[in-house]
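Listed next as structure tokens is one chain, alone, in the form predicted on its own.
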Amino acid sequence: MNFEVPNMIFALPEMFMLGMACVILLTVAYLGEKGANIAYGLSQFTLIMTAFLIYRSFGEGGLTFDGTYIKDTFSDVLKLAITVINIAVLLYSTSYLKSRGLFKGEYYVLAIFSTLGMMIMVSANHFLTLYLGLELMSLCLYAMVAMHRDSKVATEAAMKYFILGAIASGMLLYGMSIIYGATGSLDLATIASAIQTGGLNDTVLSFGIVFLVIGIGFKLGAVPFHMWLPDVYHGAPTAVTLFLATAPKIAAFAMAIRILVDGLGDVHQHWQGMLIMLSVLSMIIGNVVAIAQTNLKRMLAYSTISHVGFMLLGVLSGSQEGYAAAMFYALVYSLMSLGAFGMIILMSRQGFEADNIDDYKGLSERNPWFALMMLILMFSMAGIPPLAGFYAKLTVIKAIVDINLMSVAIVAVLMSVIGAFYYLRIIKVMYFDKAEQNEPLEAPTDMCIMISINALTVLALGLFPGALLAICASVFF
């Protein structure tokens, strides 16, 4: 039996991140609470160096580790986005954690291990690799949600997340085992080849796909698998909610593409109908229920559900244009969500969580610049031109119009109009209501700069979307 030596260079970013994660873990174990600042510094160094390693080998591709790991342009773009977004997440989180006595090395250890899990998911070419990455990411997220041990709300949120997450993982694993029974392989390329060849039992295949879609739906937070999302977003410390709402959504999108497109692309008709239902229900329920929310974190949670519905429009189209549009949407959404939760952290202070919409009353009087940054982010989420969110919605709606799903496109447009209401309400509160608090906003300079860069990037991507759209298109064409 010949043993093929794997090409380690393809997985160099992951190997570097794993080595550094172990170094950070040992540092925290040895120094305890004194090591939190060192853990933060090492975490940022790890993410920056990982992003550099990904960038250096950008575009080079191939299979390694006996075909279980794939490096391609798709994985490079998403992994670069994940690392850059998590650099900003850790920067935003630090002041929040310090003011609440949660500034501990464990947060950074879990964040780096979770990021490693996301990167493995993005490069998975085999069901076992995908599941390994998913569990590494998920187990870290469960622990992060429960970090505030004295908070009953955080503990309850972590329990809900863990139990429902375990059920979803079981469903996904069951789906994988059924697909293995139907095709005789767990390798995505072999599964695609077996489906192309034909002669498989359609009933068994369809049954497996149902369970896989359930698992994907849960990880994305699509209706009716969304029950955990508002409670977890609300209950978790805002620094953890920020982490949850950004990069893991990119990883879940990558999982959907790897399974449904790379593995099951030739049975598109089997899963398209299920995704249409998930997409339409997510857009309707996410937008309608968000209107009734007074808590900003819960409102953004239901907003996430509606955005997931829009993102699924691109995937269900089954076209290369649709996949590129969905990828563009996932990246833009993560950037908008990063800024929105970053603003909540900026507005918060010790003993005060700025998570109610009324907390933003008169923000334009207190700080006109940050009110403008929040306005850009909210307008973009609402899909108002010329911001990035508008082009994200436009491209996915165009993708389903191109395949003659006009009724779904009409629902998407109507939900965009309804969704604009609750985003505009925040802008009205900031600019037209009287401020209840007059003390100036205090935040670290690096965080203020990052919030400004974040919001202005959303504006720049709206004015000049061509470059990112071209990158997303190059992945699938």
Partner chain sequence: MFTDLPLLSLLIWLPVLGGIAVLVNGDKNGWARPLSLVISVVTLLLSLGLYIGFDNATYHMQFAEHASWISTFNINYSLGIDGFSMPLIILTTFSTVIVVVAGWEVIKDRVSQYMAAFLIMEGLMIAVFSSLDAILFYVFFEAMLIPLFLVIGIWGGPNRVYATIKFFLYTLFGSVFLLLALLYLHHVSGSFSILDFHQVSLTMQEQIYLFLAFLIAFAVKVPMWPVHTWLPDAHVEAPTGGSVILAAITLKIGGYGLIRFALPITPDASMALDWLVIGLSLTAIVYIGFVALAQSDLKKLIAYSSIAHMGFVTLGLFIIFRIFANSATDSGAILAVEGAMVQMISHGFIAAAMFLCVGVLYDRMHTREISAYGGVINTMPIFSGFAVFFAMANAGLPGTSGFVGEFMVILAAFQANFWYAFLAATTLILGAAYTLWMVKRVIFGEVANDNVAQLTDINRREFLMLSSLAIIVLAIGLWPAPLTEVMHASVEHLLTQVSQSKL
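Numbering follows the first chain given and starts at 1. Since the structure is predicted, the reported quantities are computational estimates derived from the model, not experimental observations.
The protein also exists as the form predicted in complex with its partner chain; that form is not presented, and the subsequent description refers to it.
Student: Indicate whether residue 466 is a 4.5 Å heavy atom neighbour of its partner chain in the predicted complex.
Tutor: Close contact exists here: in the predicted complex, residue 466 approaches its partner chain to within 4.5 Å, heavy atoms only.
Student: Under a 4.5 Å heavy atom criterion, is residue 475 part of the interface with its partner chain in the predicted complex?
Tutor: Although its partner chain is absent here, residue 475 would stay clear of it in the predicted complex, with no heavy atoms inside 4.5 Å.
Student: Heavy atom to heavy atom, is residue 26 within 4.5 Å of its partner chain in the predicted complex?
Tutor: Contact with its partner chain, no.
Student: Looking in the predicted complex, any heavy atom of residue 398 within 4.5 Å of its partner chain?
Tutor: Heavy-atom contact with its partner chain at 4.5 Å: present for residue 398.
Student: Of 404, 294, 203, 197, which residue is found within 4.5 angstroms of its partner chain in the predicted complex when only non-hydrogen atoms are counted?
Tutor: Spelling it out, the residue with a heavy atom inside the cut-off is 404.
Student: Answer with one of 49, 448, 31, 414: the residue that has a non-hydrogen atom within 4.5 Å of its partner chain in the predicted complex.
Tutor: Selected option: 414.
Student: Only one of these stretches, 424-432, 33-41, 50-58, 448-456, has heavy atoms within 4.5 Å of its partner chain in the predicted complex; which one is it?
Tutor: In short, 424-432.
Student: Could you pull out the residues of 357-393 that have any heavy atom within 4.5 Å of its partner chain in the predicted complex?
Tutor: Residues within 4.5 Å: 364, 365, 375, 379, 384, 385, 386, 390, 391.
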